[in-house]
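Here we start with a single chain on its own, the form predicted on its own, put down as structure tokens.
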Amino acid sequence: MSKKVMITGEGAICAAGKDPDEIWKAARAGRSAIDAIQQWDSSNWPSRLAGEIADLNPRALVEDRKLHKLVRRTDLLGLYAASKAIEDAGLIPHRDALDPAQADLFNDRTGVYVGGGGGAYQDQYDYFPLLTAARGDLGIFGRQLATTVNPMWLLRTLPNNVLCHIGIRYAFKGPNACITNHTASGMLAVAEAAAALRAGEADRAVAVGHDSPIEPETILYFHALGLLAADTIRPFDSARSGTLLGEGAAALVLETAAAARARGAKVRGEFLGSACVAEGEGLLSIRTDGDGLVRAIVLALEDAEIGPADVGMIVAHGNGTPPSDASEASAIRHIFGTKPPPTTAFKWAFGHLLAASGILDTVLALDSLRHGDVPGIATLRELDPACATLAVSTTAQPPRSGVALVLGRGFAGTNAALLLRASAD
């Protein structure tokens, strides 16, 4: 398990842009893409703001029109991000230049790991008109079901659509996994891909995270739980009131150092280590001392074989909810003391992407290291005293080193940490 894991490709899409550089520059410039929801009439909804991708053109994301009948909006985003990462890494031109036997081996040694949101309320919306027309009569509902509901419903709602269609499109036949673990899903896709490479199960892997939770019921229930902000996301601010949902996807191509070197790949960075733990206290409970994040960070540092002093910047979960931000600040203080490295968060710029949030933060962390610039939190006005030891700012800061720590949290006390290093060149 000692093989070095390199990052050779990246792709991303969200409300702030359709590629990593565009998204990073928007955050660096202090521009938020959060706006009024347009996918349905939200004028009477309790929360009307989200990080929605404006004027989304499915054909511009995935050219195969037939495939659009078999996948959801979130799947299109995942497939797009994956295609851009694969293109960025130059995998296909390299494979196509190999002789047939070597190309077959290349496919067999290429894995795919995808983190998604699992089920979504909108998956059931196809049934609503018939349920209304049946007026509670299950006999009517059963007799008319096959002629009323789209027969492609089952295929369209499969949680592993992105995983299988990447494999089908590119003929990648190596190890694979579909991960549905709320907000940690995308980060775990990266971690599982890296573990497979370290264990010798594959030479390279595509890791993807995708989610599109902007739908009426999800918005309603997040609001009912008191999790949504009144105006915008203000991480670590004394006036923060909650988070806002966004949609998008991000992807990374990871390779063993030997595989990347053998094909002359351009290395963007290095995966160093990761960890994911649970606090195990309830679906919504958050420990005020940040115990889960503390343990995740400690384990990730051990996995990377580095210490806290080696970390040059932190991308915090920073979802803007009062208890999460305060406990996250407590965890960072526990590990790094009163002088932590420059810290930022990105959800204020495009919303909380749930399953895709952690992997998009990872992509943006890598870009921050590459630019030598940690973007500020533009919506920060007055730092909460409970978060006073954090090195956060409204303006950009230089990282202390070329190592970034990315943090992610989810329902049921899930806490994830991931460490990466910028490329030397």
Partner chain sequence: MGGIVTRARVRVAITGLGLVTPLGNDTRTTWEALLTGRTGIAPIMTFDASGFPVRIGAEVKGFDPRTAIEDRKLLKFSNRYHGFALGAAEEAIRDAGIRPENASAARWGCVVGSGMMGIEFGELVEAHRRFAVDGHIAPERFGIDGIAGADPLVFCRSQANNGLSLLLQHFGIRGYATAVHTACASGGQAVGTAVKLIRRGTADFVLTGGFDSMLNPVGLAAFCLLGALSPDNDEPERASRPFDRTRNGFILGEGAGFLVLEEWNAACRRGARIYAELAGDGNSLSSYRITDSHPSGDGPIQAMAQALADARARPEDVDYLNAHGTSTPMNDRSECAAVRAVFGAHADRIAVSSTKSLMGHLIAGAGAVEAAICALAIHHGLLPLNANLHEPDPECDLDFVRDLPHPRRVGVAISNSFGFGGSNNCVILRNPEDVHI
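All of these numbers come straight from a predicted model, not from anything done at the bench. Numbering follows the first chain given and starts at 1.
This next part talks about the form predicted together with its partner chain, which is not shown.
Trainee: Taking the partner as it appears in the predicted bound form, which of 229-237, 119-127, 261-269, 344-352 has residues with heavy atoms within 4.5 Å of its partner chain?
Mentor: Looking at the other structure, the answer is 119-127.
Trainee: Look up in the predicted bound form whether Val277 has a non-hydrogen atom within 4.5 angstroms of its partner chain, and give yes or no.
Mentor: It does: once its partner chain is placed as it appears in the predicted bound form, Val277 has a heavy atom within 4.5 Å of it.
Trainee: Would Ser241 sit within 4.5 Å of its partner chain in the predicted bound form, counting heavy atoms only?
Mentor: Result no; Ser241 lies far from its partner chain in the predicted bound form.
Trainee: Is Leu56 a contact residue for its partner chain in the predicted bound form, using a 4.5 Å heavy atom cut-off?
Mentor: No, no contact at 4.5 Å.
Trainee: Do Pro46 and its partner chain share at least one heavy atom pair within 4.5 Å in the predicted bound form?
Mentor: Yes, Pro46 is a contact residue.
Trainee: Within 4.5 Å, heavy atoms only, which of Leu283, Ala101, Ala309, Ala97 is in contact with its partner chain in the predicted bound form?
Mentor: After the contact test, the surviving option is Leu283.
Trainee: If the cut-off is 4.5 angstroms on heavy atoms, which of these, Val149, Ile92, Ala326, Leu105, is the one near its partner chain in the predicted bound form?
Mentor: Of Val149, Ile92, Ala326, Leu105, the residue with a heavy atom within 4.5 Å of its partner chain in the predicted bound form is Val149.
Trainee: Could you run down 139-157 and flag each residue that has a heavy atom within 4.5 Å of its partner chain in the predicted bound form?
Mentor: The stretch touches the partner through Gly139, Phe141, Gly142, Arg143, Leu145, Ala146, Val149, Asn150, Pro151, Trp153, Leu154, Leu155, Thr157.
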